[in-house]
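One chain comes next, on its own, written as structure tokens: the form predicted on its own.
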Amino acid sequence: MSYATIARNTIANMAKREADAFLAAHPRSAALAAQTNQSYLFGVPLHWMADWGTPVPLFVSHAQGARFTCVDGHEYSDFCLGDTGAMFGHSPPAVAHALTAQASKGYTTMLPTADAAIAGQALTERFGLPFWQLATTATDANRFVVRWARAITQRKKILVFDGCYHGTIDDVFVDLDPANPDAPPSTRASLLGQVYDLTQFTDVVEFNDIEAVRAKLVSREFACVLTEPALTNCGMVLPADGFLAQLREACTQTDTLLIFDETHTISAGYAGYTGLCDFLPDMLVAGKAIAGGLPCAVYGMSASVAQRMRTAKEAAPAGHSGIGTTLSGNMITMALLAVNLKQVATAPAFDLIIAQQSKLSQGLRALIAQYNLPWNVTQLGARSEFQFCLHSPTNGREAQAAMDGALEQAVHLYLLNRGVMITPFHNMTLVCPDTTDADIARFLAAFEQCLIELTDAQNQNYCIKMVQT
């Protein structure tokens, strides 16, 4: 069948019009941008804050639950939620109360608190791994688990999947050539300041290709396979039926550690994607949302891995291990982690957000079908993405090929100007316990109007896609 097309000039015209409308509606943001340009590189505290496709950054006044208000007084339904950091809503009341209570009791002492006992037990009960350590960010946690894996296996190499995301740990920025899948992997060209070839100690294969994994691991030179249970940052890629179980088996057979990074895939359920499996990884990382959106990450390990870690630490000379930071597990972090795990990120909360995301995903699918576009929607619990391809991608190469930066920017800005924000990096949407049916209806109404304008037959001069099946 034939599908609707979208003209390139339609996309460009929409982007220009929406950028002009944004500037007209946000004079205060524009004024603040002029000020911050004088003191911040790229005009913002973190350059990612300028990645939204807006002509100037959108400055926030306050955020609560599933909504935030900008400095110009406009309210937005937030389906980005800090790119997962606020997955349980902005300022959950229980977390906010714990933060207020702890604020006058001390911030950091490099000593444990009673909250540490509560949080540790809660992590074990939730994820099934008996031992845990704290980090400040998931990037830190991923860096630490890779170091531990190398230390206890005495192997130097790690295996990752093309299109993976594990924060800014250098080791994982190794890519396959999308134009030549048989070419050797290379260090990512966009990685700034990289001075050595990462492929010396990191190899990469396509997600869902178990035979490629087995072919690598048979050498027994890999300390670990580090992976998200589903790829989430190159466009959503779900694991094929049986793939993760086969990955577990391949790692076990070659004495390779299997590490799950659940920082994004925690959206899959109460125990992340791990809770959907009938096996456990050797190590697990979670961050961003784990303490209600405050800087915190955790990494857990099996009893056997923990014993090997103790042995490695005891055998090492005295001195800095290169693992840990002074603020890891600070007093405030532990108080908020304990409260978030016990009172906010509960099983009923996950039931609610998954049900709400299902409503949104079903609505997006219905509109995509109604306007006859060759797109699809992939859902992972409380997270989903609409992708510019007929079927959900099966690996990173397919996911990357489905992206269209100009179209994404136009759609994102169109939605933003109508009070709906999604993640800036790709078409990811996330819901929280405070996301209402009204928020979802607002999203779907704006999305439908956007599709009407994009598929206007009078503008079909240069099509973006024509797919026939």
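Sequential numbering from 1, following the sequence displayed. Here the structure is a predicted model, which is why all the values come from computation and not from measurement.
Unshown form predicted together with a small molecule; subsequent notes refer to it.
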Checklist entry - Tell me, which of Gln246, Thr187, Thr139, Thr113 has a heavy atom within 4.5 angstroms of the small molecule in the model of the complex? => result Thr139
Checklist entry - Which one, Tyr165, Phe201, Phe131, Phe388, lies within 4.5 Å of the small molecule in the model of the complex by heavy atoms? => result Tyr165
Checklist entry - So which stretch, 263-271, 175-183, 210-218, 248-256, is the one near the small molecule in the model of the complex (non-hydrogen atoms, 4.5 Å)? => result 263-271
Checklist entry - Can you check whether Glu228 is within 4.5 Å of the small molecule in the model of the complex, heavy atom basis? => result yes
Checklist entry - Could you tell me if His90 has a non-hydrogen atom within 4.5 Å of the small molecule in the model of the complex? => result no
Checklist entry - At the 4.5 Å heavy atom threshold, is Asn233 in contact with the small molecule in the model of the complex? => result yes
Next on the checklist: Can you tell me whether Arg397 touches the small molecule? I mean in the model of the complex, with a 4.5 angstroms heavy atom cut-off.
Outcome noted: no
